[in-house]
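Next up: a single chain in structure tokens, the form predicted on its own.
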């Protein structure tokens, strides 16, 4: 028997467990997935939890319940990978050997990377919403917050779901209007980028939303430290932004095990071929999702599209065939814009978000345009996530590759 090990039982790892169990003979291959948590979280729900728009039980399920029955699950921390020996060292148990390794260890917030961020004000005046604990603590704080200066902040890129902090600002605007205290809340969006949106076309089409909602923009802000005593963000060029409540997106980093293994870059993301998803350094290691260093969004939709290419390439690798260079950075994402509306963007490595219809040429959803249907689409995605996406079932009407719109193809 040969051993295939998947490190990480999040979105990417769970999808790959289903894909590979369907395609690899159980008589020839054992598949084992390893994770330090016994719970699987629907991370898009973290955005809604602070505003009490979703119940906690709707965004967490046991890992074991989501895996194929004949995939082994090991609940243990990953300490390091010995790529030369084809071995994974785990905390509290014996190492495990592999013939082929899929790394899907994701990313995590690292508030300790910025001076003062996780100091005495952490989860009192300074909050994250990229973790279950952080989103829950912020929900409890917002429920009684009487108003003041709310700062929504991004430390640096890359981060999971790059538009989520902006969505938070838009939802906060709606939340405080519903509570009748919007006139007592000053919202500022602080970003290291030159604008609120990461893509120029999206920025041109949607940049007005901040002004329309009276959300101030502080761009090109490279944070040096958080001063919890003075309640302010301080940049390297000595600009300051005061806050009463700071909702920050700390530095995102890959697994610490990648640093211990010598496999990661400065942020512990693994150098990966951007089209085949094979590790640059080791041919029997493949990487997917947030664990890669690819210039693609760290989002669930990207992991979905990656999983299609990765599954085929693993099979080709095992057969000694050349790998397919078919992953093109495809991503699509709903963007909550508040007041029961949302936008939808669709893009890849080469093509920026563009106007049009999705998933078919006739719709029904609009691209780069607010609509209530897009909002309901985002809410409905939770069911799709649990029942279709994670189980590696095809999503009707959503192709693997993103084709250029006619206006760009000309």
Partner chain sequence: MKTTIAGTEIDVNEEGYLTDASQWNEAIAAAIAAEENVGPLTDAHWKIIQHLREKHAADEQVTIRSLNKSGVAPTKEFYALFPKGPLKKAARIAGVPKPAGCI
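Just so it is clear, the model here is predicted, and its values are computed rather than measured. Positions refer to the first chain, counted from 1.
As for the form predicted in complex with its partner chain, it is not shown, yet the points below apply to it.
Student: Between the options 294, 257, 169, 302, which residue brings a heavy atom to within 4.5 Å of its partner chain in the predicted complex?
Tutor: Here the answer is residue option 294.
Student: Please tell me which of 314, 88, 163, 245 lies within 4.5 Å of its partner chain in the predicted complex, judged by heavy atoms.
Tutor: Looking at 314, 88, 163, 245 one by one, just 163 meets the 4.5 Å heavy-atom criterion.
Student: Heavy atoms within 4.5 Å of its partner chain in the predicted complex: which stretch among 141-149, 96-104, 121-129, 189-197?
Tutor: Result for this chain: 189-197.
Student: Whether residue 353 contacts its partner chain in the predicted complex should be assessed with a 4.5 Å heavy atom distance threshold; does it?
Tutor: Yes, contact at 4.5 Å.
Student: So in the predicted complex, is its partner chain close enough to residue 281 to count as touching (4.5 Å, heavy atoms)?
Tutor: No.
Student: Contact with its partner chain in the predicted complex for residue 345, defined as at least one heavy atom pair within 4.5 Å: yes or no?
Tutor: Residue 345 belongs to the contact set for its partner chain.
Student: Is there a non-hydrogen atom of residue 158 within 4.5 angstroms of a non-hydrogen atom of its partner chain in the predicted complex?
Tutor: Looking in the predicted complex, residue contacts with its partner chain include residue 158, since a heavy atom lies within 4.5 Å.
Student: Are there residues in 227-249 with a heavy atom within 4.5 Å of its partner chain in the predicted complex, and which are they, in order?
Tutor: Sequence-ordered list: 236, 237, 238.
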